[in-house]
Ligand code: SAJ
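Below sits a lone chain in structure tokens, taken as the form predicted on its own.
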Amino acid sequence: MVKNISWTNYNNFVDDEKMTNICVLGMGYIGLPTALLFANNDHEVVGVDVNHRVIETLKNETMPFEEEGFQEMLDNTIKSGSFRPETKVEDADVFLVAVPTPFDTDLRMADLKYVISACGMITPNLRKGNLVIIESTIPPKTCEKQVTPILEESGLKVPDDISLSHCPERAIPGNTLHEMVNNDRVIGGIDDRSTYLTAQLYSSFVKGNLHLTNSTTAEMIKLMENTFRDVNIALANELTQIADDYDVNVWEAIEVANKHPRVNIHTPGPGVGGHCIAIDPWFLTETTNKASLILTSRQINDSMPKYVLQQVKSMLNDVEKPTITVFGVAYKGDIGDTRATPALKFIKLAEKEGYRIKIYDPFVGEFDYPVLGLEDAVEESDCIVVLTDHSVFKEMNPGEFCGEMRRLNVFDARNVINLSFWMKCGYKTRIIGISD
């Protein structure tokens, strides 16, 4: 029977154990901010990545991605010497793995190759008393059944010689610094000592509560959190399609339904993106046949780009060889992150229908397709399709470029535009979940 770990015996483990030297593997969206937070709070940190370009960028005191608050932190920690970016693992008290966990779309399973590789990289440097922390999102039992055997190739035993724990992140792009510091954290060790040592370490910068459990429960909790959100969004998306059949404005219906003290339906949209919500539920389904609700929710959310395209096609059924301008390919508003964005599936489906696609996204620099400036993107377009809820789309004056378009149509899959303003400018408008 699984039991949660209390704080009762905390001091028995941590009084004389100060683990100040940390080696963080993976300088991405989570690993780098985590490394900088530790380095800014009295730890000596080496940040390791196999991508030499990322390391050179960091050595030049430049963040490889935009995230508020971390450029200044990088400047301070590089100058003080508390943070050093390197391409090779070095000896340390703590090894923290924060590499990506890709999703194998063919097998519908977590691809643990980067986690396994990172654990293999630290094995030659392990010594008795080390703590290994896995921050990467992983399926339940990964620490116990896959990470432990790799670490024990060092000749040391887990947990007798090496402590091991899982501490999943809870942070959202665009607000990473605030959330990493202030959100509660779940810490699950392979044994009590592993849990307490990890809690001591994270308490150096985390202001939220630290919830102590075991490694398998911590692995499960992370996946449960994002699965809940995916299922809730799937419910909103299914209600949207049902509401269309009844000519009901689903946005008004959801708003009023959420007045109930125990109801909180999320908002519909063109699908689910990002590295967490669109991916993590699959990690729960890979070794069980008891996940029918989760699988159905994934199917609903993955089908939304097709549903949006059907709505757009109905607006353009009399147009030969239409051109569509996609507004926003980031998976969420006001960031440039396109990981698992539903916009990519929409674009590919539209291309199969023979549509010409042009893209405008003021936050995205690199994408699978060219990202154009606003004027080039709307030129000779027959329809604007809003797929991301960037704030700039809320404030946009469509009258400034309506003369560039061939036909004035707009479909908003995020309910973000000022509807009356666009209508006054002569646009035929449609919003997901609101019938004509």
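Heads up: residue numbers just count along the shown sequence, starting at 1. Because the structure is predicted, anything quoted here is derived from the model rather than measured.
Not pictured, yet referred to below: the form predicted in complex with the ligand.
Engineer: Heavy atoms within 4.5 Å of the ligand in the predicted bound form: does P281 have any?
Structural biologist: No, P281 is distant from the partner.
Engineer: With the cut-off set at 4.5 Å between non-hydrogen atoms, does S194 touch the ligand in the predicted bound form?
Structural biologist: No, S194 is distant from the partner.
Engineer: Can you tell me whether T267 touches the ligand? I mean in the predicted bound form, with a 4.5 angstroms heavy atom cut-off.
Structural biologist: Residue-level check for T267: yes, a contact with the ligand.
Engineer: Can you work out whether L295 and the ligand are in contact in the predicted bound form, taking contact to mean some heavy atom pair no more than 4.5 Å apart?
Structural biologist: L295: no contact with the ligand in the predicted bound form.
Engineer: Heavy atoms, 4.5 Å, the ligand in the predicted bound form: which of 209-217, 84-92, 162-170, 240-248 makes the cut? Say which one.
Structural biologist: Of the options given, it is 162-170.
Engineer: Tell me, which of R185, K345, K332, K313 has a heavy atom within 4.5 angstroms of the ligand in the predicted bound form?
Structural biologist: Only one option qualifies, and that one is K332.
Engineer: Exactly one of G273, P305, P139, G189 has a non-hydrogen atom within 4.5 Å of the ligand in the predicted bound form; which residue is it?
Structural biologist: Only one option qualifies, and that one is G273.
Engineer: Quick one: name the residues from 218-235 with any non-hydrogen atom within 4.5 angstroms of the ligand in the predicted bound form.
Structural biologist: K222, E225, N226, R229, I233 sit within 4.5 Å of the partner.
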